[in-house]
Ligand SMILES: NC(=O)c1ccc[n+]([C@@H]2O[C@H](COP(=O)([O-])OP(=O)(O)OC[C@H]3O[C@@H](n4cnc5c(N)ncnc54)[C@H](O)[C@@H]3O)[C@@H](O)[C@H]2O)c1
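A single chain comes next, written as structure tokens; it is the form predicted alone.
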């Protein structure tokens, strides 16, 4: 990473951003980091332990984005509205954040002569309800406005790569979990918080729907490898393995212990959600050297230990984030 002295991370206060910053700052060749975040979900306090340049702002504001790019060598674009169900209820907001925001960023990069971007994307939501494992060559068929917005963002990254000489890599995340996820509504975070509060777990459907659960440290290693590679294109980042919701809960039972009884309520499926998906990571293994190591059980153990370690102040922050 010697040629990359300063990185802008949009959405850097969030779950993935804070873990990514921790990983980058631990390196002997750690770059300077600037974070652009509107604090709608992640908060500046989530990265207070790190020496970063923080700008409070929104990717929908072109002037703010242009200013944030001054003096940086590369961008890791994590800022997004990632909520599938909410995107169905409010597709305009999802479009403005994910499509307009990404286009603003790319346009501002062109203006400021920054040509290296890692764009956070998604696999299952773009491919749709296809026979898994999903891979980069499958025909897109998004089922939700969220999936459509991420496909559009990928398209603009590809266009700027070909038309303007950008090194633009879109990395399609599978279902990410791990420490620093106190403000997330994703299934692992939501379930663990409910277990701590002795509240029931709500499963939509019969629990046999599958996802590819990737531990956040493995994912952040993949992002870093994509940045270092200088490659353009699309890459799936997951584990390559399916795990059902019921299996996920069984793993949680192994790590939470008898002091935290687990009760599960099953509700009808929700519109727009995919029932079976996991990804093929062959291309990322081959071209990026991406090689996730953490099993679901081991990752859940680390995540549970992190939740248990929260002190009263952090627990209050979690509940109010």
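Numbering follows the first chain given and starts at 1. Owing to the predicted nature of the structure, the values given are computational and were not obtained by experimental measurement.
A second form of this protein, the form predicted together with the named molecule, is not displayed here; the remarks below concern that form.
Three residues, 57, 97 and 183; all within 4.5 Å of the named molecule in the model of the complex via heavy atoms? Every residue of the candidate spot has a heavy atom within 4.5 Å of the named molecule in the model of the complex.
Which single stretch, out of 71-79, 134-142, 189-197, 238-246, brings residue heavy atoms within 4.5 Å of the named molecule in the model of the complex? Going by heavy atoms within 4.5 Å, the stretch is 71-79.
Residue 174: touches the named molecule in the model of the complex, heavy atom cutoff 4.5 angstroms: Heavy-atom contact with the named molecule at 4.5 Å: present for residue 174.
Any non-hydrogen atom of residue 299 within 4.5 angstroms of the named molecule in the model of the complex: Outside the cut-off, so no.
Is residue 41 close enough to touch the named molecule in the model of the complex, meaning at least one heavy atom pair within 4.5 Å? Close contact exists here: in the model of the complex, residue 41 approaches the named molecule to within 4.5 Å, heavy atoms only.
Using a 4.5 angstroms cut-off on non-hydrogen atoms, would residue 16 count as touching the named molecule in the model of the complex? Result yes; residue 16 sits at the interface with the named molecule in the model of the complex.
Exactly one residue in 127, 168, 120, 106 has a non-hydrogen atom within 4.5 Å of the named molecule in the model of the complex; which is it? Contact check passes for 120.
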